[in-house]
Structures are given as C-alpha cells and as structure tokens.
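So this first bit is one chain, no partners, the form predicted on its own, shown in structure tokens.
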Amino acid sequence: MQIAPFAIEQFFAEYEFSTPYLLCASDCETMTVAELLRLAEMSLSELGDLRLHYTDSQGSSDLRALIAAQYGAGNGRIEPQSPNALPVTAADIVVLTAPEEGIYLLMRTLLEPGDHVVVLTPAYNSLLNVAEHVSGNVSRWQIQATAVGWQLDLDELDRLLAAGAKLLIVNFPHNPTGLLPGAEEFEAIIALAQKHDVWLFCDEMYRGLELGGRETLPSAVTRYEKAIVLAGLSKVHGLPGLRSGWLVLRDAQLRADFINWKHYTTICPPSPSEFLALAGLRAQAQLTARNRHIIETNLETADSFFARWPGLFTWRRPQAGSVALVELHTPAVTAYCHTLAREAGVLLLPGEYIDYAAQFVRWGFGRVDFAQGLAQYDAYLQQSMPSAANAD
C-alpha cells in the first residue's frame, strides 16, 4: 500500500546540501557537541565514557523526569500554570529516536481504516499524509489568510468535528504560517475537542519560540485528558542533528500500545542521543534566548527587504516559531523556486510542497547567515527585475 510522496523532504533532498543560501530552513542555528556540553556544564569525557548499550524503550528515567518537569509550575519556561492544569509525570513521557517516529507510530496506534481525522492545514507533510494513509478519511481545517496575517475559523472546526471525528491534529506555534492563537482561542479549540470527545494531537515542536514578547501558551497536555503532545529539540533548541524528541501520552493503554509499535521500529533511543538530550534540556534557557534573538534580528532584516519589494511579496509577519508563509506575486511559483535555486543559489520552499496554495513560499529565520542569504536574493532581484523594487 503506497503512501503519498513526502514532498518537503524530497525537495530538500534535491537542494539542501548543494544550495548555499537556505532561506527556508525550519530549524534554528546549530552548534557543536563541545559547545552544547559547555553550556550544560557537562564534559566531553562523560560522553566518551558512555557505554553503547540498549536503553529503556520508553526512554531513560532521568531524561523523562527532566522532560516532565518542562510541563510543571515554576520551570522558568512554561505555563503560567492555571489552578486546574493537569499534571505530567515521567511515566507519561515516551522518548523518541526522532520526532517523525512519534507522528508515524501514533497514527498507526490510534487509527483504523475509516476513522475520521481533522488536520489543521497547511501542515508538515507527515501530519497530514500518514493520517490519510492509515485512515483514508481526512478533513482539512485550513488556516485563512487575511490582509496582514492568519486566522482560524472555529465554527468550521466545530462543523468538521461534528461529522464523527476521532482525532484532531493541530500544530502551535504553527508551521509554516507562524500563527500563534490567543489564550482564549486556544482554550476554545480544546473546548471543541472536549465537546466532541476526540483525541487531540498537538505538535508543539516550536513551543518556546514566541516572538515580540508574546506569552507561551499552556501545553495542550496540561489542559485536556485526551491530548497527546509531540515536542523535541530540533527547532527551539537548534539541535536537529540529535533527532531527539518525545511524546506526552497520559492514557496508559494508548501509551502501552504505542510502545508496542515502537518495538517493531527503533526499539529504544540511542544512548548518545539521550545523553546529549539531557544537555540540551539543561541548557534550555540559553538556547531558547539565543534562538529567539536570532529570529527577531532576522525578522527586522526581512521587514526592510519586503518593504523594498512591495509588488513582489505580501508579508505576513509570524507571531511565533522560526518560519513564515509569504505570498509571492510571480507566475509559476514552483518553477520560479527551482530556477532561483539553480541561478542564484537561494532556496525557498514552494507552497505546493506543503499542500497549500501555489503562490506561497515558506521562509525560515532561525539561522545566523540569514542576512547573507537575503543579500544574495536581493542582488538577484535587482538584476533580474529591477522595476519591481520600491523606488523609495
């Protein structure tokens, strides 16, 4: 049984390591192992002394305890906790070999053919495609573009869930639009999941990268008994090479069934990744502050760029995360992106590859060489279409 092509990863496989200026990367600036360990006040010798044995399928108890602490009061990053926040314990955590494993195995665990799934779109391919592959019954809850940003239609969500849905899949902060719901809007989404008694799968990979002084939303898993949360170190912490992530699964039977599927795939997390994941969490405050600063700085650079090209782009500034979806006013956007990569060495991700309107492209703001890549793109535009520039 065939699954839909993973369009995003196929596009990056073609260009990521041969195109010098990646203006659409979703991750944040990376670092060396030595740099990470220094931030975490851990040593290379500790890593060198690590035994490469099998690990606990659910993840080491120390790592799971540190992850669970991310969802409690007084952790310095999350909640403001409400009085009725649901607790998260180490027993609720399943450490993943990669975040992608969590998406795939959860759909395999939770869904049967014919189960109705509602997916917030546009979305990372696997959030949509794996659900479609397993259930064959997916409805898209599509974010709507406004003149200056993005908005959600809660009445439409209510209607979609009322059609016998089993699972709602959302992603906040949202990839690729950068949308961050307000606190009341987020609670309204959770209330609709409760009203229709559906499982809520919330991809929170970008949680912690709120911009412009915005507050971090409570994790869905602290607000709803049937919420399942995906998180990891690739985006907020800038450690995608670790491939480290986790699911928060409060339901004991669902968690046991998930781990059984895990036994058929990766069995257990790699011990070096667990060791370095501990380092990433211990250095979380420094990593998050660094990456927020990089993104905010790059967004200011982007503001000036888009102001110079008002006829070519519609710029909807992201509220959170490291990516944004930008409208590009040129014919045949997908072909344009391929040409841009070949002629200018600049990479933008076409909306077609994220199952969205073709005139949009994804941008990424998490890397320190963003300004250099943007200058290269600006020079290319000045040469190829100078009349489109703002004369002011």
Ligand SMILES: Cc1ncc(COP(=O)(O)O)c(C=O)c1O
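The first residue of the sequence shown is number 1, and the count goes up from there. If you're wondering where the values come from, they're calculated on a predicted model, not measured in any experiment.
What comes next is about the form predicted together with the ligand, which is not displayed.
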{"item": "Residues L22, Y336 and Q376 all lining the ligand in the model of the complex, heavy atom within 4.5 Å", "value": "no"}
{"item": "Answer range among 219-227, 269-277, 282-290, 168-176 for contact with the ligand, defined in the model of the complex as heavy atoms within 4.5 Å", "value": "168-176"}
{"item": "Heavy atom within 4.5 Å of the ligand in the model of the complex - residue from Q319, S234, N298, N129", "value": "S234"}
{"item": "Proximity to the ligand in the model of the complex, single hit among M205, L249, A193, V134 (heavy atom within 4.5 Å)", "value": "M205"}
{"item": "Contact label in the model of the complex: E187 to the ligand, heavy atom within 4.5 Å", "value": "no"}
{"item": "Partner proximity in the model of the complex: Y124 to the ligand, non-hydrogen atom cutoff 4.5 Å", "value": "yes"}
{"item": "Contact of P181 with the ligand in the model of the complex (heavy atom, 4.5 Å)", "value": "no"}
{"item": "Residue contact check: I103 to the ligand in the model of the complex, 4.5 Å heavy atom", "value": "yes"}
{"item": "Residues in 237-264 with any heavy atom within 4.5 Å of the ligand in the model of the complex", "value": "R243"}
